[in-house]
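Take a look at this single chain, the form predicted alone, given in structure tokens.
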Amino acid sequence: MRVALLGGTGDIGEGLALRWARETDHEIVVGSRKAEKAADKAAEYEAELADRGLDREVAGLPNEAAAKGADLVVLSVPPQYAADTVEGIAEALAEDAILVSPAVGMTRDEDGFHYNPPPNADSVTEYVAEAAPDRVSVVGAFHNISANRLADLDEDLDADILVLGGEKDEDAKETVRDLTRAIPGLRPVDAGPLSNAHEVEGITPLLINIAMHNDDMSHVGVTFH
């Protein structure tokens, strides 16, 4: 499987790229708006994996080239750029490609972080779905996990990943659940259709606020029992 991480040079894209490169044999491609930045970051990821005894190739390409032919594309870009990124890669997307949206819109004031969905949608995930071509499946996932913890390969993970998608996208959801299970310590949990994304994305600012006010919970996540 070819997995492209657009915006894979930072935030959650780095963690997913490193973890999937270490734990799977999928083709991992890092995308960026700037080709040089993508190539440099891919080389950094290869070097980090090599330091851990793993000879692994990670490609770095401009976003559109990274998305071309990819089976699964993670939109690990800031929420304000999500729709524009989708529109920019739309023609490159394969007929049955899967788009994964982990982005969460937030604002910050003196009291902390607050959920801030796009002005024309209830959630970033639904915003992405509206911008995406009809031929592709859109799945929401990885909204509530600490990006820093995910990117630290010395960290043992223990978190649930809420996965969202429509009934017609059940196969796509299962693909994302399989990729989630491939990372030790992560458990996929079906959170229903994309219309539930507002509630799922709204958990993220709560977790950040908890981390800010509790020194022993700097990488807090969620598990469900």
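When you see a residue number, it is the position in the sequence shown, counting from 1. Note that the structure is a prediction, hence the values are computed from the model and not measured.
This protein has a second form, the form predicted in complex with another copy of the chain, left out of what is shown; the following refers to that one.
- Another copy of the chain in the model of the complex comes within 4.5 Å of a heavy atom belonging to L207.
- Although the partner is absent from this view, M1 stays clear of another copy of the chain in the model of the complex, with no non-hydrogen atom inside 4.5 angstroms.
- Contact check for A35: every heavy atom lies farther than 4.5 Å from another copy of the chain in the model of the complex.
- Taking the partner from the other structure, another copy of the chain in the model of the complex has a heavy atom within 4.5 Å of a heavy atom of H114.
- Shown alone, this chain has one stretch from 24-32, 181-189, 62-70, 44-52 that lies within 4.5 Å of another copy of the chain in the model of the complex by heavy atoms: 181-189.
- Across the proposed site, A83, E130 and V136 without exception lack any heavy atom within 4.5 Å of another copy of the chain in the model of the complex.
- Residues of 134-163 lying near another copy of the chain in the model of the complex, listed in sequence order, are R149, D158, L162, the criterion being any heavy atom within 4.5 Å.
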